[in-house]
Every structure is written in structure tokens, then in C-alpha cells.
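Let's start with one chain on its own, the form predicted on its own, as C-alpha cells.
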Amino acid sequence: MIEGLFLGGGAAMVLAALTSVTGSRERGSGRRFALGLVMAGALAWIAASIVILADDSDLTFRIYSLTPQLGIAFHLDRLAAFFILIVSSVAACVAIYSLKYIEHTGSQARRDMSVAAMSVFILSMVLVVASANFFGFIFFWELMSLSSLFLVMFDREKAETVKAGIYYLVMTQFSTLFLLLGALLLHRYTGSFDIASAGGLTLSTAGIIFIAFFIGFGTKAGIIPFHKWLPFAHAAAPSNISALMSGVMIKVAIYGLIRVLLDVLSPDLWWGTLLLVFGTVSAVLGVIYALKEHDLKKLLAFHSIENIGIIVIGLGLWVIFSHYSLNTLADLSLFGALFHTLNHAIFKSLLFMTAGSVVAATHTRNIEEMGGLVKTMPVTAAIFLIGSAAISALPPLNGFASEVMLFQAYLGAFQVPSPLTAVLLFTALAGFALMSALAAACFVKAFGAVFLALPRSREAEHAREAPRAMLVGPGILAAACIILGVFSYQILRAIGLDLPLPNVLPVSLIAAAVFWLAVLALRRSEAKARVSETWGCGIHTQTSKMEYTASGFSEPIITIFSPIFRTRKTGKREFFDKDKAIVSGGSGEVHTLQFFEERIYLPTALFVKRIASFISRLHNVDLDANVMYVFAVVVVILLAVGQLL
């Protein structure tokens, strides 16, 4: 049954891709039928995942063999089923959302191709997770990268999209290069491409292989400093695709990293230290960069970097605590990381979909040109608020449940026998606490600037609520945020995890009862409400220019972190009088350093360009020289392959 559900889901995705490009374009019936097939395929995968998770069963089967070692085979166990469940659940909600959202974008032909590419994209992510060997894994990994690149380039006429596409293409191929290196090194020592335990490796060999996989998976996941593609690509892609990329695609990389750590290599202590340091840096810098961002989708993209950092922190803690045989803390860290992987997929997809509804209604991504949308888009505002509270780790939502697991693991650091490691853990804990506080501040800014106060543009003033389908998809995920938070203790107990966790349900019930009693008391009271204008320093009529802007909100925090941003402020004033006493106008700008782009990416690109120019000059010679170059390259490749195989 599991094999039938899995293959049936895949067949539905293939049929969806074909139907989208061959169905009727005029009325969009082909697209709607294709999106229905996407939902059906996702439901089949959800059913297969639930069966595997409930029965704790494994299934391995092969569908194609090029050679005895190179073939397409699948292995479905509980870890794979958990990630397939994440991909499928989010994909089903995004498909519902796309029924109406896709009609806001591009031409009829481009919409059809977008749905077809989206079907292939979802299929490739599931097949990556299900692959039993590195041959299939890297093949479907490339299919995932190319189909998502096509979707990122949806508005390819825009210069911003072209830049995002170039960044994404370069970084995704960089990722594949290191994954291929890791797989070939494993084959060199084990003689197999199977994703299975590689025992007998020396510590140095295993360490080199781990570094190769860490860079490969870390680049796709968006770990700093390999993250630069992420805010560009997520902002340029249509919002339904951003929801898939940020919600689940980067989790596929997390799956690969966990699979290598759990089933392939035996982690050493310094691996955990490396994961903890990179995870903490990503979490803290991700939220700091998000705070200064006023592009709504880029702000959400930087928070993806932050949350990937949280997940990597959990993996680092797991390695460290496992090394010292602190098994309860290790389990708490690993399952905290896995739970946060699920939670982030849910609330980040929700946030990108509601952001897409806002952008479609206001025709801008700049939150300074929004405001007041809670009056015209109340349901979208409520869903966005739930997602904001969840990502800010506010109780009783799911973000709180998973982050509190990691906090509890951190607090067990005093049990670590090494003083140096304990100091490292408590230092990282300080960064973790800072990150949590800044995330809440950032979403206060985002929700306040987008939905509260007065509209700051004509488009925001005339915005209308999103169609029902664009509310149902994120609405389901908002309900999941509440259920996974309130019932987190009961859910984890039901699946057999006896971990020291707080039971949020009684507190939630008491808080809900107090809230409703307060509402009833207010309704029955005879006190009359007085409605009047807010006092505005003697000015009778309030305008949107008198509001607290997103720039003003984040300015103090940017000033605090000015050593990171290298903030430079410039201002220019014009005066009515020669004594410069009365100001008639002026302008001001705040410049922040794009450190990774200006100091790492662009110098590297310039260096590569110089090498390419040098090689290009070598090519511009006679035919004999070109033949000699080709011969030399072929010899080098044969020698290298011979050494590896």
C-alpha cells in the first residue's frame, strides 16, 4: 500500500505538469485541474507518510538501473516520511492558494508553465528525500534546483529578477559541486553510492567528507555565509513559490544534513561545535538583517536564515551532548530541531502566502507604502498575526513549543564535563536569547507597519480582501500553528517521546477562559465607549505622515548594531532665510554595508572573472593549441576519476 500511495502521488504530479501545459488556456481549466492533481498527489504522500510513521516500517524498492551501482532506488523510513509529510502538507495548502493567486500573475502561457514547473518542483523535493543512494539524490537535487530556478525567473524582464536568478544559479551549482565531492569521496572509501553507514573511516577522512556535505547542504539551506542567494530569490519569485522555497525546499537540505549525521557518518565533537557556531551566527545575523529590511518578502527571507540557524543549533547541541553521553539532552536537542523544522515550514509558508495577498492588493513590497490594511483585509491580517506570533515564539503557538525545547537543552549545559565547551554553550545561549527578542521586535514592526494605523499610499487605501482560496490555504496552516502549539505536549507523548516539556494546554485553556470572560464582562457593562481623535500636538486632522514608520521603529536597533551595518548617515537641508533659521525642505539617507556581498561575493566574482578572461585569451589561439588543451583536460579528468573510483 505504501509503495502504491508513493508512486500514485508521483504519477499525479507528472500528470499535473502535463495537464497544465496541454489544458484549455482561455478559462484556466487546465491549470485548475492540474492544481487539483497536485492536491491529490500531496494527499497520497501524506497518507503514505502517516502509515510509515504509525507503523515504524521501512520500505526499499528500485525502479531503474543504469549499472549495478548507478540506479534510481527509494528508501522510505520514519525520517524520510517525516520530511515527505512536511513537503506534502505545505504543497497541498500552496496548491489551494495558487488557484486564485496564479491568476494575478503574467500571461496565460506563463501561468500554465508556472503550474507545470511547480508540479515538477514539488515532485523533485519528495524524490530527493526518498532517494536510497547518492546517484538518485543528486539527480533529483539538480531537478529541484533547475525547476525552482525557472520559477524564480518568472518575471525575467525585471533587472532585479535577473540578478536573483544569477545568484541562485551560481550558488545552487556551488552546492551541487560540494555534494558531488562528498558522494565521490564516500564512494572512494566505501565502494558504494548507497546512503548507508560508512564505518571504518578515519577521523580526518570523515571530517573532510562532513565539511564537503556541510558546505553543500549549508549553501542550499541558506546558512551564513552561503546565504546571499536566499533574500534575492525569495523576493523575486511569485509568493506561492516563495512559500515552497522558504517553507520546504531549504528543509530538504536540512534533511540531507541530518541523514548524513545520523546514518552515514559518526559525528565528532568538533562537528557539533562547528554546527553550533554557524547556527548561532546565522540566527543572530539573520534577524538583525531582517530588522533593517523594509521589503516585506526580503524581511521574511532573512527570517528563514534565522530559523535555519535555530535548526542547525539544535543539530549542533545534539552532537555535543551525544559526545558526552548526555542522552536526554541530546534527544531534546534533536527532536527540538526536527519539531522546529516542521513548525518553520508551517508558519513561514503561511507568512509568504499572506504577504503575497498583501502585495497583490497593494502592488508594492515596500512596507512603508502600506498601513491600515487590517480594516480592508481583516482575515489576511488575522492569519498574518498568528504567523507573526508563532515565528516570534510566543506561547501557546508552535514556535514557542519547539524553541522552548532548545532552551531546555541549553540549560543542561552545566552537566557538560568540559569547562571550555560549557562556556561555549552558555555564550551561544546568550545569542539564542538575543535572537528571540529581536525576532519579536521585527514582527511588531512588520505587522504594525503593514496592517495598523492609516494607509500610506493610494493602493493601500483601496486594497481589498483576498479571494477565499487565498485565505483557505494559509488559514489551514494558521490552525496548525495553534494545534501544534497548544497540544505539543500531548502530540509528542502520543508518538512515544517522553521528554521534559511544559504542558501548554492547561495554561492555554485558562487564558482562553479569562479572555472570553473579559469580553462578556465588557459587553454586559453599561459603560459607554467614547470615540474621539487622537491628540496630535494641536493638529486636528491625523495624516499618515504623522505615523511611526518602519524606518523610525528600526532606527534605534540599527544604531545599536551600527558596527555590523557600518551605518553611514547623510543629510541635506534647505532654508528659507540666509541665517538658516527656518527649514524649507531637505532629504536624508542611511547607508548600511552589505558585508557579505561587498567583501566576499563580489571580490570572489571579480577574481573568477579575471581567471575566465585569462583562459579566454588562451583559447583565442590556433586550432592545434586548442586540441592540445582539450587533450590535457581529458587526461587530467581520467586520472582524477581513476583515483576516486
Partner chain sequence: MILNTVLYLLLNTIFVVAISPLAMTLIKKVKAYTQGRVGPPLLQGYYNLFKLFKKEIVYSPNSSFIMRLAPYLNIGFLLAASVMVPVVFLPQVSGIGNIILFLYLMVTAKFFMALAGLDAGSTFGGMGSSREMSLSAIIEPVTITSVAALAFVLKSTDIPEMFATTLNGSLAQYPTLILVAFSLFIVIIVETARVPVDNPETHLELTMIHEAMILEQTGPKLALMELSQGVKQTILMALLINIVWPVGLASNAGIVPIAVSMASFAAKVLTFSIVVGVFESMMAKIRLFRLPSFFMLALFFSFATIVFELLA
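Since we're looking at a predicted model, the values are computed, not measured. Positions refer to the first chain, counted from 1.
The same protein also exists as the form predicted together with its partner chain; that form is not shown, yet it is the one meant from here on.
*Asks:* So which of 265-273, 210-218, 531-539, 107-115 is the stretch with heavy atoms within 4.5 Å of its partner chain in the predicted complex?
*Replies:* Residues of 531-539 come within 4.5 Å of the partner.
*Asks:* Decide yes or no: are Ala441, Val507 and Ile560 jointly within 4.5 Å of its partner chain in the predicted complex, with each residue judged by its heavy atoms?
*Replies:* Judged in the predicted complex, Ala441, Val507 and Ile560 all sit within 4.5 Å of its partner chain.
*Asks:* For Gly448, is any heavy atom within 4.5 Å of its partner chain in the predicted complex, or not?
*Replies:* Gly448: contacts its partner chain in the predicted complex.
*Asks:* Although its partner chain is absent from this view, report whether Ser392 comes within 4.5 Å of it in the predicted complex, heavy atoms only.
*Replies:* Residue-level check for Ser392: yes, a contact with its partner chain.
*Asks:* Do Pro225 and its partner chain share at least one heavy atom pair within 4.5 Å in the predicted complex?
*Replies:* Because no heavy atom of Pro225 falls inside 4.5 Å of its partner chain in the predicted complex, the answer is no.
*Asks:* Can you work out whether Gly191 and its partner chain are in contact in the predicted complex, taking contact to mean some heavy atom pair no more than 4.5 Å apart?
*Replies:* Flag for Gly191 set to no.
*Asks:* Report the residue, out of Ala453, Val120, Leu484, Ala198, that has at least one non-hydrogen atom within 4.5 angstroms of its partner chain in the predicted complex.
*Replies:* Selected residue: Ala453.
*Asks:* So its partner chain isn't shown here. In the predicted complex, which residue out of Ile96, Leu429, Val260, Val252 has a non-hydrogen atom within 4.5 Å of it?
*Replies:* Spelling it out, the residue with a heavy atom inside the cut-off is Leu429.
*Asks:* Judged by heavy atom distances of 4.5 Å or less, which residues of 486-514 approach its partner chain in the predicted complex?
*Replies:* Stretch hits, in order: Pro502, Asn503, Val507, Ile510, Ala511, Val514.
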